[in-house]
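One chain comes next, on its own, written as structure tokens: the form predicted on its own.
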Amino acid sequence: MKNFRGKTVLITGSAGGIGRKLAIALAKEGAKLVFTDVKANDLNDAAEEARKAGATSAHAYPLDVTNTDAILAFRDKVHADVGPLDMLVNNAGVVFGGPFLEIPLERHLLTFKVNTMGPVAMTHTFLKDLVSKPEAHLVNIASASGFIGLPNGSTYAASKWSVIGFSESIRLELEQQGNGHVKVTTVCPSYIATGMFEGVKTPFMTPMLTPDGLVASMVAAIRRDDLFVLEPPLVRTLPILKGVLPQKAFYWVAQRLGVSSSMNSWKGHGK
């Protein structure tokens, strides 16, 4: 998608963090923004910031992506107020770090409901919009942990593995159906300085990403119709190393680089 002007873009989890940063970047390009988040108090501020940044329009709607009935009603509201989407960005996510048995089961299950089931439900609800447009884009926010086991973040990593698999499968399905004009980009960053990962010890040669830097990479990747955003550069080696190294050797390297112990000191705001 080369030009965002006048394109209707829905971003989940856009009251703050990466979602809000991406919305403002697209607002400067003249996009029509649809903000959604469970944090209702911050939504109107985000929409107003987008209008000031140059958005063609900006609408804000509280939404819990784990509530499928609410998503269906929300779709009808968006269609009535704004019209069908040109781009869907499944950004909403949660993380609860710590030893598996020390995290309440309901938090593990919530991780899958938000991080995995949320993107599936939103895509199922709005994919017909994208297919109906001559040019459209689906963006799913996964994680570098979707390529590698993450002790003290087991269900977070598993939920993001699911997003990568879903993204690849839906992209191939769209192409087989003759709907390859709907492009799919999967964003797989390492740790981002948004507060969600406060306290982590970043692995060797993987500095904490800045939200602005990641958003710039995302916008550029959407313009190029890239399949993936892999940041920082070391993340790009993970699929290759995992494919060529014996499993024990791969995880020996991961341990030495500090990947496998990076969540041991997590103190993110979800705690």
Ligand SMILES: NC(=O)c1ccc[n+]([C@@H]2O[C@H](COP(=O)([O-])OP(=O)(O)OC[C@H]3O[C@@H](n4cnc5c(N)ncnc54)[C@H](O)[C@@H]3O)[C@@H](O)[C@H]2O)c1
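It should be emphasised that the depicted structure is a prediction, and the values quoted were computed from it without experimental measurement. In case it trips you up, residue 1 is the first one in the sequence shown, and so on.
Here the subject shifts to the form predicted in complex with this ligand, a form of this protein not shown in this document.
Note on the interface: of 124-132, 89-97, 73-81, 172-180, the segment with non-hydrogen atoms within 4.5 angstroms of this ligand in the predicted bound form is 89-97.
Although the partner is absent from the chain shown here, none of 147, 149 and 232 has a heavy atom within 4.5 Å of this ligand in the predicted bound form.
Not displayed here, this ligand is kept clear of residue 85 by more than 4.5 Å at the level of heavy atoms in the predicted bound form.
When contacts are judged by a 4.5 Å heavy atom cut-off, residue 38 counts as touching this ligand in the predicted bound form. Residue 18 belongs to the set of residues with a heavy atom inside 4.5 Å of this ligand in the predicted bound form. Using a 4.5 angstroms limit between non-hydrogen atoms, residue 64 touches this ligand in the predicted bound form. Just one of 164, 103, 117, 192 comes within 4.5 Å of this ligand in the predicted bound form, counting any heavy atom, and that one is 192. Contacts to this ligand in the predicted bound form (heavy atom within 4.5 Å) from stretch 138-164: 141, 142, 143, 156, 160.
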